[in-house]
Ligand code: FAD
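A single chain comes next, written as structure tokens; it is the form predicted on its own.
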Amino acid sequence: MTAPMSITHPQLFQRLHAAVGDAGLITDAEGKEPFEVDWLKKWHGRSCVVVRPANTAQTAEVMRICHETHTPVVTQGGNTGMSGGATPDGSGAQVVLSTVRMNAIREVDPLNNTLTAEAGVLLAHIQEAAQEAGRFFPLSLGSEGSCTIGGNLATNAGGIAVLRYGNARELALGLEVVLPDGRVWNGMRGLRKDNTGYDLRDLFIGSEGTLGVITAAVLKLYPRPVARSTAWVGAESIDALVQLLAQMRAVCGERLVAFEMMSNESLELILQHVADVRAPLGASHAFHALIELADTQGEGLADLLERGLGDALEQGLIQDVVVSVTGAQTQAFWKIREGISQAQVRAGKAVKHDIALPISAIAAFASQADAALRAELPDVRIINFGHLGDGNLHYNVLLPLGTPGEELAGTTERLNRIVHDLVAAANGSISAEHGVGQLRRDELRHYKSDIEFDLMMRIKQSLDPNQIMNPGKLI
């Protein structure tokens, strides 16, 4: 590693200004502030400057400057992350590189079922462009109106359609990446088959900005569904819902696109804190599931859903069900599911766990974790919900709003260890779709093997020898 170049902030600003111009540089405190605080207002930092390149060439020049001067860089998209992965530290020495001006959709190719977009394009705009071309882009998140595709890829985002279509990693065919030293890797190939070496694309997806800056991507498109059928069910155990999932997969095949679960305590929290929602079922049940089918042909879809759920009722897997008959009713079901984050914020301080488990291990995990947490805190409120179809639970512990900060930190650490030890014992992951960022960085060392960490550090050192890319995050 070469010695750092001696450079003052004014000199750095001059070089960066030459690279991106007036529109691409923010140096005043008021202008920088939105880029220095995450949307949860949980992580706060200070940057020396915010740089907003307009294209890949400008991004490459910014990275060359920062590489030469050993200036640390934090890449940021829509700033909608859940783990503090895009927030600078408090040193005031880091550059925030925002991709929001790189917001062009370069190409839509309906015959190849691909869409080429720059990193700063909003996820909602990609969905709209696909729809205008008679196609469908399935990545769907609560923040899709403000998150960017670059951030989605950097964190390997999940969402509600992973069951059928996979995470962001499965939805990208090619990438364009600016490396830490300013070189540009052009991997923008819209190919389903390419066995010409190591899979560099997947190396950058999910790397949380620690290996390079994703500037564009070739994304997969799919035939646009023309029909949907949605139902809300009540059951008395998670195990029953796991069995129902397997049965619905067998009956419905790839038409099954969503299988969302929540505990009754989660539903009650939503009904209490979110306006204009009501319980879909007349009776109370320990657990609920929101199930949706979609197809490019509408004929028989509702009958298929009703047949699968009818069999489940006869077998006693579920106790109640309502099938949506209007678009408004479907929207009402999804408003309940999407309202849970808002409800938690209003109800108290949540110790959040974004975990992944083998689907077959979910019921046993929930039983063990519930018991262990209540042994630690007898009056604890457990808000258990998530994407049951792909094994991703948001297993959260709700603490009272007035919990003191000093008490919160110690309690959070104890509860995290209880939950994450049980996740590790079940061969699960402590970060399913929110990323590691600052939130799980130190815990990751406890749950990753020495070999895994050694390999990750070797890759990091090879690509980023000056250690400038998103320091203090992930590893």
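Remember, predicted model here, so these are calculated numbers, not experimental data. All residue numbers are counted from 1 along the displayed sequence.
There is also a form predicted together with the named molecule; it is not shown, and the following applies to it.
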Pick from P72, G78, P280, G308: which has a non-hydrogen atom within 4.5 Å of the named molecule in the model of the complex? G78
If we test each of V213, A117, I291, L388 for a heavy atom within 4.5 Å of the named molecule in the model of the complex, the one that passes is V213
Since only the chain is shown here, I'm wondering whether A258 would be in contact with the named molecule in the model of the complex (any heavy atom pair within 4.5 Å). no
Can you tell me if S341 lies within 4.5 angstroms of the named molecule in the model of the complex, counting non-hydrogen atoms only? yes
Heavy atom of L245 within 4.5 Å of the named molecule in the model of the complex: no
Is it the case that S143, even though its partner is missing from this view, gets within 4.5 Å of the named molecule in the model of the complex, heavy atoms only? yes
Picking from 295-303, 325-333, 84-92, 104-112, which part of the chain touches the named molecule in the model of the complex when contact means heavy atoms within 4.5 Å? 84-92
Residue by residue through 433-471, tell me which have a non-hydrogen atom within 4.5 angstroms of the named molecule in the model of the complex. E433, H434, N470
